[in-house]
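The chain below stands alone, shown as structure tokens; this is the form predicted alone.
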């Protein structure tokens, strides 16, 4: 991440849990917005509108479990802004899901869509539970019941969910099918675009599975060009080996870069010769985690962050890199595959050490970009080739990277502030045109 200035870390609201400082994610994001707003002299009334989501939905719904008991789940859908188009954002299944985090993630979706010139707004949803603790049948019932509870609060022209942490294409197929069976037979085939990230066989698009990792790699390639850095023979570490981390690793391997350390919720592994990204991806898809993979040495979390490499790709959850981790990082660039993986303390220290940061608002926006392509195909009843999707994504990511870096040079600000500032300018232009109703 890029920082908003040396004072940023001290201005965050924080709670102390033992020796760990836990930042309020929404406040962190809002401080970045405030910094960017100052750079572009954002109209105060526009800033006020964007300072909170338009809607915060919380629902409690019952699900019958396999043993016959009834369990109550808590689900959320945050709708931040729809001034540019329908709300857009993932559904997360994780035990740490909270209103604050989802507000932050929904706001970030607003900035990503504006930055990428996509006619969507920002949204995010989730259910607070561990999907690994339930059976597949229970997971399907939880998903369908949550979709039914949301009812008309989602829709292909209103709010369009997608996969996120703990969810995947299968989850989206269940959401789509449940929604299709609630709108009536006449409209059934017209609402495939209610979600993106679906299986290709059910209206999804080619290239969506790798899209976020692909977008991250496009940014890394552009950074390498700017810095005369040869990716052939380079090394990287990756935290989180799910959809984003694994696909980014496979794509970087094709460019001649080697993953020398990897970690997820089950632990960390090191291999100075480099992991076979394809084999590790296959292992994780089969086993659900890197634990037990025979191709690496088990290391501690501290050893992982201290591993010397050219690049570090945080592709797990937010708030993973604080001051302690940043102090030992020995890399040239951080490419944020996750949302908010560096907290302001960690970000500040990285920049002071001369580590470049490709911010999440830019670097992981490939997913929503290809989601937009899927939505367009659904609306038009079209099916694009993988080559067409890939070419469109590459052009979009390269354009956004160039716009962000040019703005940062012009305004003498960090890449993160530049990305937020460009997004704010585009949203402000719409508000100036439309003004406020009534």
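Just so it is clear, the structure is predicted and the values come from calculations on it, not from any experiment. Positions refer to the first chain, counted from 1.
Here the subject shifts to the form predicted together with a small molecule, a form of this protein not shown in this document.
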query: Heavy atom within 4.5 Å of the small molecule in the predicted complex - the one residue of 351, 317, 206, 299 that qualifies; finding: 317
query: Proximity to the small molecule in the predicted complex, single hit among 344, 121, 75, 163 (heavy atom within 4.5 Å); finding: 163
query: Close approach of residue 110 to the small molecule in the predicted complex, 4.5 Å, heavy atom; finding: no
query: Residue 126, heavy atom within 4.5 angstroms of the small molecule in the predicted complex; finding: no
query: 4.5 Å heavy atom contact, residue 356 and the small molecule in the predicted complex; finding: no
query: Residue contact check: residue 179 to the small molecule in the predicted complex, 4.5 Å heavy atom; finding: no
query: Option from 198-206, 90-98, 251-259, 220-228 whose residues, in the predicted complex, bring a heavy atom within 4.5 Å of the small molecule; finding: 90-98
